[in-house]
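The chain below stands alone and is given in structure tokens; this is the form predicted alone.
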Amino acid sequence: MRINVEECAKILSSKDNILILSHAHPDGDTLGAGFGLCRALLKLGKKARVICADEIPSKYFDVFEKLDMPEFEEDYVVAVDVATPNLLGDLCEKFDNRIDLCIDHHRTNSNFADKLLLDVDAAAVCETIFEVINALGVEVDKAIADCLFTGLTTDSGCFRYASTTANTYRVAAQLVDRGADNGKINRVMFETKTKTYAAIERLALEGMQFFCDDRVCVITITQDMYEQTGAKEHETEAIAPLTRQIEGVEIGLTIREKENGACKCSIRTFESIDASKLAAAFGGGGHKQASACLFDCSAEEAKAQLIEKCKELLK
């Protein structure tokens, strides 16, 4: 059932022992939203904690710095920035049919939760979480502001993506007013690279391929590249946007090999192509210009399937 911000706040006010789920392969928005909401609930005197199926990249450690999350048996389960249950990764099997509330901004949301707060016009779910926290009557302090600003800036590409709206800027300004360290956060998120990332980026760019009259760019990140460089999968998050920075490219595909032989594709497009339609063809989803999908096959097989679908979309 769809609900609004006020209804969401009323529900959360009446609950306790609240478990917040972030999606697998966590990014700044799911983590910023999860830990921002968790901090707000803790300020209300509730028991709350955030869990994620995958390791949280070190650049996001600040969002839960000095945060003491209690242990408890969950009574209420909330998913943030999760369009479909399978995005929960290894947590999906346990929580698939147990999610009471989902707060999201993906128009591909499958309406899997009992209650859904969905704002498809928000550049980041942290925009909506900001409204929920205000409706809860919780003062947004610096720690919460840092969490929410992290989500805003990462999901909007440092406010460069077309999904960025006037409201995104308004919320960002209010977060800075409340102490968000925007300079540091943007530097860490967009300008700081590990040596292992730099090494795997070089290999990835050397193997860049073009298809469909150079309108499609494909980068494949293999397990061998991880072994050569010592890079972790979460470090390759910044590679996907590189595919659409090439002049003339309309669809950028970044395919990452998994240890189990499967793979994941991150899709980036411009306004002329709907990335979510391409992802949906393979059971994935996301936004118009940034989506993703999973394949239970090799990277080469996935690439062939994706290129065929790209040909259809580019006609």
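We number the residues from 1 along the sequence you see. Note that the rigid core is defined as the largest set of C-alphas that superpose within 1.5 Å between two forms. Since we're looking at a predicted model, the values are computed, not measured.
This next part talks about the form predicted together with another copy of the chain, which is not shown.
The shortest heavy atom separation between Glu139 and another copy of the chain in the predicted bound form exceeds 4.5 Å. Gly183 belongs to the set of residues with a heavy atom inside 4.5 Å of another copy of the chain in the predicted bound form. With a 4.5 Å cutoff on heavy atoms, Phe270 counts as touching another copy of the chain in the predicted bound form. Under a 4.5 angstroms non-hydrogen atom cutoff, another copy of the chain in the predicted bound form lacks Gln228 among its neighbouring residues. Just one listed stretch, out of 89-97, 121-129, 172-180, 140-148, contacts another copy of the chain in the predicted bound form at the 4.5 Å heavy atom level, and that stretch is 172-180. In summary, among the residues Phe159, Tyr76, Phe112, Phe72, the only one with a non-hydrogen atom within 4.5 Å of another copy of the chain in the predicted bound form is Phe159. Within 4.5 Å of another copy of the chain in the predicted bound form, a heavy atom is found for not a single one of Ala262, Glu301 and Leu313.
Residues of 66-104 are not found to place any heavy atom within 4.5 Å of another copy of the chain in the predicted bound form. Relative to the superposed core, Glu250 shifts its CA atom by less than 2 Å between the shown form and the other one. Core-superposed comparison between the shown form and the other one: CA of Asp274 displaced by less than 2 Å.
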